[in-house]
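Heads up, the chain below is alone and in the form predicted alone; it's given as structure tokens.
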């Protein structure tokens, strides 16, 4: 069966069919890469890949980022565990965000593999930042084209941040110092597609450069609500063997927290990126 790329929804993403990501030829890899660039997030089904194959696939895209906050798999430090136990109420990634936007060189993308799933729930939602930008008015596009925003992680992963306040036993590593912060353009030009994308997110964007958080809030709130409109999003239902690979420069994602009392374990590898412009 030859590779097929099928649009997943009207708003976001594509399924890549007829492929085994553990054994891709160079030509197949080119097709997968193009689907990734075109759609921002791509989904694979029935991929019975090992941890070693997960790592090998990631390395074909670039250097692996060893996550500083997530607990790592005991045998494979390249793999971060996205885990929720039966007794936990707070999940990891339970709000719209973009991975590593708080880094000076944000992550290119993340490859998430389902390892243990609840009987129901635990879907992941994605939002298309190309489409969100395209739908803005010409006047707002012009205004945003001159703006930069500050992204921070202290309020999320810091000693007094969200995870420590809500669930201190979730296994996340708490940083007491060296909390990352970075400034990026509000509108970026994607380095591979050449398309413009909105680059702010509710998880880590705290204010506009030169503005106070209070001054920034009304416009940020508008952009956050706009980008999360249903027409820009999709919802991916996980099954055994499912893999999602998203582009952090072109999408947001949101892990639904609707499976209390059940376990869920995902393996995530994040790929290093570069400075945005």
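Predicted model only: the values in this text are computed from it and were never measured. Positions refer to the first chain, counted from 1.
Just so you know, the form predicted in complex with ligand SIN exists too; it's not on screen, but the next bit is about it.
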So, in the predicted complex, is residue 232 in contact with ligand SIN at a 4.5 angstroms heavy atom limit?
-> no
Using 4.5 Å between non-hydrogen atoms, is residue 82 touching ligand SIN in the predicted complex?
-> yes
Just to confirm, residue 153 within 4.5 Å of ligand SIN in the predicted complex by heavy atoms?
-> no
How about residue 266: is it within 4.5 Å of ligand SIN in the predicted complex, going by heavy atoms?
-> yes
Looking at 107, 92, 187, 111, which is the one with a non-hydrogen atom within 4.5 Å of ligand SIN in the predicted complex?
-> 92
Which single stretch, out of 94-102, 145-153, 188-196, 131-139, brings residue heavy atoms within 4.5 Å of ligand SIN in the predicted complex?
-> 94-102
Going through 242-264 from first to last, which residues have a non-hydrogen atom within 4.5 Å of ligand SIN in the predicted complex?
-> 246, 253, 255, 264
